[in-house]
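Next comes just one chain, in structure tokens: the form predicted on its own.
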Amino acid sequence: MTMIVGLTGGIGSGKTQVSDQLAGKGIVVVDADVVAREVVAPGMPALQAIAEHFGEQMLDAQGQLQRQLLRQLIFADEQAKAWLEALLHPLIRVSIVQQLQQADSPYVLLVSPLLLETDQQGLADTIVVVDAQPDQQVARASQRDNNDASQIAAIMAKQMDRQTRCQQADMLIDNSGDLGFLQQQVDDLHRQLLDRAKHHA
């Protein structure tokens, strides 16, 4: 079995930059956010279940999930959030496991913002955390998603706190500098992971 490297970090920490750089080196990337979108694509049973549970207004005219509407709903309603997670998490996990098993690179990267908050953590042989200063996270995420800073701060408050996340890392990437600083660390990380993968049973 290929060594599985779990990559996580708070919103706006730079997970995508790290995974894109590793993908450029030929590493297979399985992204939990992409899988989460796939399981609620039009025609999938989970999307039908969401529409039946929360109402047809959750779908747009093309039959696509209205993500922003659903996000607002579950952000304000813990019961709705629990129902949705009970529906989606098992489906997402099955799809992630299938994709991890099909990976043919020296190691495979599982990118997940909720890696440490869910049972996805158990899939990883090594955990890499991308860390940044909270004000940098807010600035980057606001710029990327066109959300205001207060929305980003609210999301951060719901995520695992920075100290706890960093304590659970086997390896840490410091993304508080410029892009060149990050790229150098990712190059070093890749070399270390290739070495670990050689010794992985």
Ligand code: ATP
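The shown structure was predicted, so the numbers you read here are calculated from the model rather than taken from an experiment. A residue's number is simply how far along the shown sequence it sits, counting from 1.
What comes next is about the form predicted in complex with ligand ATP, which does not appear here.
In summary, the region of this chain contacting ligand ATP in the model of the complex, judged by heavy atoms within 4.5 Å and restricted to 37-45, 51-59, 65-73, 169-177, corresponds to 169-177. The closest non-hydrogen atom of Leu189 lies beyond 4.5 Å of ligand ATP in the model of the complex.
Arg140 belongs to the set of residues with a heavy atom inside 4.5 Å of ligand ATP in the model of the complex.
Within 4.5 Å of any heavy atom of ligand ATP in the model of the complex lies no heavy atom of Leu193. Of the residues in 1-26, those that come within 4.5 Å of ligand ATP in the model of the complex through at least one heavy atom are, in sequence order, Gly10, Ile11, Gly12, Ser13, Gly14, Lys15, Thr16, Gln17.
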